[in-house]
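Before any questions on how it binds or moves, here is one chain, the form predicted alone, in structure tokens.
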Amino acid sequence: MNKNKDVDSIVVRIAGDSGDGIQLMGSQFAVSTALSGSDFATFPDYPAEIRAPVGTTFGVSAYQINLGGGPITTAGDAPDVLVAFNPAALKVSLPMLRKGALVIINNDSFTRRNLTKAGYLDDPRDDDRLVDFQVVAADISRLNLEAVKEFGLSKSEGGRCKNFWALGVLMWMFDRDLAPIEDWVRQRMAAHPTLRDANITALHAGHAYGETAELAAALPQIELPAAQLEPGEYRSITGAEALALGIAAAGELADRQVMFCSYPITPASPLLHRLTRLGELGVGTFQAEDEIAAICAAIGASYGGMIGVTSSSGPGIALKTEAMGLAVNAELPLVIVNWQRGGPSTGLPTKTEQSDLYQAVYGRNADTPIPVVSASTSGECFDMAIEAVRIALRHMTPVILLADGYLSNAAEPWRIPDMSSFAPIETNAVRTSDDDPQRTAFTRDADSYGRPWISPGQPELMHRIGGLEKDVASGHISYDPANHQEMTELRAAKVESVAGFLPPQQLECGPDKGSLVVVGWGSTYGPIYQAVRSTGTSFIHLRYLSPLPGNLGELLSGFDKILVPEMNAGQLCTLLRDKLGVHPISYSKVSGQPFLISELIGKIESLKDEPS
């Protein structure tokens, strides 16, 4: 990497022990990237263990960011810059690097003890393992402690400032203003003035090191073009933040309070954390004692006239399944957010996957269909949260919103929307009739099959609901065989009716006919988008998974081959065969890591070379 290099985009990876403040360092660098006007996408990669042994590869925490002029939709295939705080971080990250990458290592951490814990028999600095890279070996720990010595901190307390020292180096490399980070530190650490001042001093010391090292041609300064983004006001946002704001916005659009009921589980917990800060927007939060209590409380909130929302990941969604059937049978609105992770069981709790599609579409007892939608990017979590609430209230049904661990934590620039562009979320009106209140409560809309949403406290509309099968007309309990047949068909028709309200499926890019189309869903959007742009391939990305958009079958019929890349064992392929009778080509990845652009390009090119 040359000094003063001018590039279109660059991938930076920061890695260290889970106690090194890697995610904090990365998120602050992402904020500075947003303020600089660059496009970017991030990938925080957490260790699965709560606290793995210090210095081991199991405990490596990493933060990767791809930044530049854009359009940038992934955190990048191969890092151009690596900051490695210890030997374990170097060992985990080295196979990912692009040849010629800049590697900044914390020289002080390469002790015999740390090398052994990382699984190195020999010091990689002394052989040819780093020969293909530009290596800057900085005494980060020592230089950081010298910088903060004046504050009288213990060695342990002072050592925790080294992430800001390293951040200062990166800020110099990319010619960033330190003031926003200083302001954040002052606000975050206002109650601890000594630590506040020590971290700001470490930040400036790292920045000064960058200037000094540059004089010896050790470090480059990198110039990046400004992103060509649509005009508007932007902020950096993660999927958890966007979905929280979307839920709050849906409450405003529906003129209803929101009640979010959840139980902590990785990677769903950040949504609860974000929503607890939005009480002034009419959002209530409740942390239940378990997953079943959480969804039942959310159903109770919906019965009471609030928008009930619950969230979990796959194992927790399994526990919520019985209560989903209650909401279906009671015909109450409910939004269920599933942040998918690697499984089964505890599996890979901090790694991403898309393996809950079967669970969402098919995974309940009896014939209990539920609409399923998904978000494709961190920012799109906002829009799909609103869409999930809109469907739930219009059709009076639970709705499952699929996201995943990658989207929860990944950040991107997000244009703050004009809320006047969103239509109000309406509910079904109570029909005036001479019928008794019980029948009135179950008089369904002819198009959506949604019944009126009648809250308690209205004596003239008092009615019975529950989990037992009801009479199709009156809502009274019924064990009549013919009635159960009709109710089963009605529940299916209600979900199918959602398709009539959906926009037609569009191509993301490429011609509407040809030899090959790539079909994706969820967070695979970013790498697929880059791969199809590179290869000139048609691309369809699905946000509505059950029911599928009404014109999807016709759209797919224009192509000889359908390639479906997904982070599971081929679940969307099964769904497309089941619903549309097509025969897609599955391209699965279940490593807990997102697709690389290069992997997808290779697969697309191989299919193009095959005869149809």
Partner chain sequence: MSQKLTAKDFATSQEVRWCPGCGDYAILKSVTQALADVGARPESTAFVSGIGCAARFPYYIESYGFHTIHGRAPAIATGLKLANPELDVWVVTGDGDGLSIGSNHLMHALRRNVGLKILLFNNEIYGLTKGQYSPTSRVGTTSPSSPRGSVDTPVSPGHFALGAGAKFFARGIDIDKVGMSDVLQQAHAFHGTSLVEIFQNCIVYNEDVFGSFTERKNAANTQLHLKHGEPMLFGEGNDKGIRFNPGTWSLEVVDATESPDDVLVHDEGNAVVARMLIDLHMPVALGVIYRQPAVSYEDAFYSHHPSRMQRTKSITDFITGPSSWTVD
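Please read all numbers here as calculations on a predicted model, not as lab measurements. Numbering follows the first chain given and starts at 1.
Another form exists, predicted in complex with its partner chain; not displayed. Remarks below refer to it.
The stretch that touches its partner chain in the model of the complex, counting heavy atoms within 4.5 Å, is 327 to 335, out of 327 to 335, 538 to 546, 493 to 501, 130 to 138. Site annotation in the model of the complex: the residue of Pro424, Pro231, Gly152, Pro95 reaching within 4.5 Å of its partner chain with a heavy atom is Pro231. Checking Gly206, Gly251, Pro371, Gly379 for any heavy atom within 4.5 Å of its partner chain in the model of the complex turns up a single hit: Gly251.
At the 4.5 Å threshold, heavy atoms of Ala48 reach its partner chain in the model of the complex. The closest heavy atom approach of Ser345 to its partner chain in the model of the complex falls within 4.5 Å.
Its partner chain in the model of the complex is approached by Asp290, whose closest heavy atom lies within 4.5 angstroms of it. Heavy atoms of Pro53 reach within 4.5 Å of its partner chain in the model of the complex, making it an interface residue. When contacts are defined as a non-hydrogen atom within 4.5 Å, none of Gly70, Met173 and Ile181 contacts its partner chain in the model of the complex. Along 293 to 311, a non-hydrogen atom within 4.5 Å of its partner chain in the model of the complex is carried by Ala293, Cys296, Ala297, Ile299, Gly300, Ala301, Tyr303, Gly304, Met306, in order along the sequence.
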